[in-house]
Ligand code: ADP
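A single chain comes next, written as structure tokens; it is the form predicted alone.
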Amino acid sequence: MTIALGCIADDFTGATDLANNLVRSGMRVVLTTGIPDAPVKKVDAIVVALKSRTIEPQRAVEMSLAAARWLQAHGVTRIYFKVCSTFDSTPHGNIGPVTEALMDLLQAPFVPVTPAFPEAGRTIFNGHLFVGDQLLSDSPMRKHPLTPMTDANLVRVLQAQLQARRVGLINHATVALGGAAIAERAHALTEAGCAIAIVDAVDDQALQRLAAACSEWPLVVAGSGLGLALARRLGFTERAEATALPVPSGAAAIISGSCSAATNAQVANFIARGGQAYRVDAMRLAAGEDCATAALDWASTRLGADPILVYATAAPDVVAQAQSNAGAQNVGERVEAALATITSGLVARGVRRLVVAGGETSGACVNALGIDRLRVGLQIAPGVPWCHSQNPALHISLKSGNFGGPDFFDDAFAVLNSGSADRSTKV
């Protein structure tokens, strides 16, 4: 069976984000956490989720190349490197280093780069990334605790991460002319020594035009927005069986580690509406307190049909104070470890419906649970679907910190509880 698209995502929520859009376009998608240890059958696309966004660049390259080689060995000829729609990265990577390594492996003469996802408010104009009506550098992302994004010019951001290649721009005027014009501009850039280009996209039509130009390119680097257009360009159309998941059951819980503005609002809304919540204090963790055990003791008598919330989400000034006192990496690692321990404990106590908020948190929790693959189902909000794991058996949603409205947590369980499913679906 031919697998139409092989995808490599640099974090777990980004992987579900892309898989969600591919499923919406009618593809049958399996998401694997890391490189699969066995063939994946009866799918149109595979999304390999890595936890590589903020690690040392060389390690990110090694992981990404290993994933790409596995996809090649299983017949995949088209690779989609999925990056965050806010282009989250450190000054040294890892978008640039991984892109260059994949280009070398695939012998790709040219690569389009566009994190645009207009449906979620991420657009690119003249090479500048906007989050809603704000430039990226004016948005809350400028204060992200791990990857502060203080420059909205993606040509400049990406060029600083590259070793051997130059970055150009395919602007909105060219994109508006269609796929042939995009391909012609790409050829001209390649002839001029620019093997990579940021591609403007201010609406979904722009992504559809880019998808029309992608047929000859073995590699694309994008957010999840291009996935919708590319799947449809490959001939897929919406079908109910693509979103089918088993019937949900068991206790419900939310784990939140993201400190984004969106997740802070979601946590505040959940608490204001009377939801039961327990706060994991980063300062106490840094001091060596066993917050995981305390959280599980609190949760044990409250688990049931209504979701409970365990959160380390905090305002930027609180995060900054904790980082100042104990170091950013130390605080982040302790929070991730604690939330992962709590997640494992909750599942052991019967949680079978689980929402995890935050990319790094999602990676830590999925790894702790030992989940190796997920079937992707119904969308909750743009970029966020429900998924199903067979081992352990549970429904899980991995939410990027920036996604979803204030009512997201309530919406998530409403969608799951009302969604229809093929009860025999296998991963």
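These figures come from a predicted structure and were not determined experimentally. The first residue of the sequence shown is number 1, and the count goes up from there.
One more form of this protein, predicted in complex with this ligand, exists but is not displayed; see below.
Partner-proximal stretch of 70-78, 205-213, 142-150, 157-165 relative to this ligand in the model of the complex, 4.5 angstroms, heavy atom: Of the options, only 142-150 has residues within 4.5 Å of the partner.
Proximity of residue 93 to this ligand in the model of the complex, heavy atoms at 4.5 Å: Because no heavy atom of residue 93 falls inside 4.5 Å of this ligand in the model of the complex, the answer is no.
Proximity of residue 266 to this ligand in the model of the complex, heavy atoms at 4.5 Å: No - in the model of the complex, heavy atoms of residue 266 and this ligand never come within 4.5 Å of each other.
Partner proximity in the model of the complex: residue 258 to this ligand, non-hydrogen atom cutoff 4.5 Å: The answer is yes: residue 258 has a heavy atom within 4.5 Å of this ligand.
Residue 335 within 4.5 Å of this ligand in the model of the complex, heavy atoms: Yes, residue 335 sits close enough to this ligand in the model of the complex that at least one of its heavy atoms falls within 4.5 Å.
Answer option from 331, 83, 340, 101, heavy atom within 4.5 Å of this ligand in the model of the complex: Of the listed residues, the single hit is 331.
Candidate from 346, 170, 312, 226 lying within 4.5 Å of this ligand in the model of the complex - any heavy atom: Of the listed residues, the single hit is 312.
All of 319, 358 and 400 within 4.5 Å of this ligand in the model of the complex, heavy atom check: So, yes: the whole triplet contacts this ligand.
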